[in-house]
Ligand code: NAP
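Shown next as structure tokens: one chain only, the form predicted alone.
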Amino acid sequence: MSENAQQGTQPEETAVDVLIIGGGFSGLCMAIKLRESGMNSFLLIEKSEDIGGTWHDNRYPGCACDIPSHLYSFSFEPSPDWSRMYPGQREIHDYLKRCVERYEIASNIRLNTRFHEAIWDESETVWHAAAGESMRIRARVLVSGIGGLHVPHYPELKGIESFSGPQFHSSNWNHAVELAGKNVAVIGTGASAIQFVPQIAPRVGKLYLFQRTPPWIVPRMDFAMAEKWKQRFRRFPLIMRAFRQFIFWRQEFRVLGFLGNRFVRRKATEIATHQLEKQVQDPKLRAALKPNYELGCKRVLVSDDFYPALTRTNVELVTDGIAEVRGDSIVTADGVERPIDVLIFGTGFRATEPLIGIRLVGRDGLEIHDAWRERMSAYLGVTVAGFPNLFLLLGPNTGLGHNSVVLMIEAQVRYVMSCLALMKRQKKRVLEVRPETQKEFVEDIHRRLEGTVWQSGGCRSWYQDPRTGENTTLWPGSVVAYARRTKSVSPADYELT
């Protein structure tokens, strides 16, 4: 990083052509493509002390990706050196840092710089942004790479303020807390919990896992990448690309079950059920871990060691609701009180509120949270009517439940670059999606969602807006379909002024 980036010191005012918010996969991909195109007047700001986004913030034991490493990486920067089929947090973080060095974007990154607000100036046709303690930025184009999985979700629990022991969320893991021999309560059985529970279970004295709804879990089938295959990948890049394509199509096939193909969904359900029956012999525990909704309605998880961890004698699965948290215990609805020394939340993120805590004011003083009061939406998940020269990466309805989200990021960045190229060709400073274009797209998205497992699978999930029950996070289709839809920009969809 640059000296300013390392020290966290910024100039008071600066002007750039493009301001990028967030230093995860999205923001870095945007920065790299700007650099490759010769557009060097850009700045990427990141709230943390290092780049990486979720792969910097999440450092809980066992933190890893649930997409194979050769697919969970940039297509333009494949790596033959992944140590495992599924990479751990540190390895992914190191990969992103190598990308920063390789594409020489460090000098355009400012760390320890939290984004606060941006206001569109109609007369000057620029965004006025505030970040850090006193930084002011003028930018013609604003790109949000914030993502949806960065603000922790905490359940509302009676008496939680009275708990006297250490408590923390999995995304803010407190490694200073010694868990050995302690009575530990874990609330939640989502994607993070099924990774860290097997890691801490052998160390703690007693682990109480509080489950509201059991997840569907399929085998992970992780393995170390043999050195001979790494060498082959280095010598013959085409083999590595073929391996990536194999993984891609294997993952892509799974979306059919989510979209309504009952044969594919039934086969996936049989695989998940077989693993549960094989790894959990106790019929009572097995029944408690069997979901009563269709596979895919909630995020499908991958793990080989979660179920075995729950069969340990020092682990208890608790399915009764929490009635009250006390100073050193948790009381459930059935009146049972369990002694607790440490409380860990594995309760996920506020995914349907991706821009929470920041302020974006577009044309005519419209704030984006007001624009989204009835429904969070964006055309192609990227542009929002009333907000000129604003581009969202991993915006509404562009998340995935079956494949690598990095593929969606690359498609969106290509689309943004096409928009910028269109503005340059037509010598226009301002681009804004037409309201009717966005409305038609959003209505089509929600019509397509009606027949999917996400809307009719018999559950409530973090995919859905808690206010309306609508799925505002996932793309109701394949990655191929989205890539085709965003392959080029249609000038008719936009007002260029």
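Since the model is a prediction, treat every value here as computed from it, not as a measurement. Note that residue numbering begins at 1 and tracks the sequence as displayed.
Missing here is the form predicted in complex with the named molecule; even so, the following discussion is about that form.
> Could you work out which of Ala268, Ile187, Cys419, Ala129 is the residue within 4.5 angstroms of the named molecule in the predicted bound form, going by heavy atoms?
Among Ala268, Ile187, Cys419, Ala129, a heavy atom within 4.5 Å of the named molecule in the predicted bound form occurs only for Ile187.
> Identify, from the list Asn108, Gln275, Ser79, Thr347, the residue with a heavy atom within 4.5 Å of the named molecule in the predicted bound form.
By the 4.5 Å heavy-atom cutoff, the listed residue in contact is Thr347.
> Among 377 to 385, 298 to 306, 255 to 263, 422 to 430, which stretch sits within 4.5 Å of the named molecule in the predicted bound form, heavy atoms only?
Residues of 298 to 306 come within 4.5 Å of the partner.
> Report whether the minimum heavy atom distance between Gln195 and the named molecule in the predicted bound form is within 4.5 Å.
Yes, Gln195 is a contact residue.
> Any of the heavy atoms of Trp454 lying within 4.5 Å of the named molecule in the predicted bound form?
Flag for Trp454 set to no.
> Looking at the partner-bound form in the predicted bound form, is His153 within 4.5 Å of the named molecule by any heavy atom?
His153: yes, in contact with the named molecule in the predicted bound form.
> Using 4.5 Å between non-hydrogen atoms, is Trp462 touching the named molecule in the predicted bound form?
Taking the distances in the predicted bound form, the answer for Trp462 is yes, it comes within 4.5 Å of the named molecule.
> Which of the residues spanning 60 to 81 lie within 4.5 Å of the named molecule in the predicted bound form, based on heavy atoms?
Tyr60, Ala64, Cys65, Asp66 sit within 4.5 Å of the partner.
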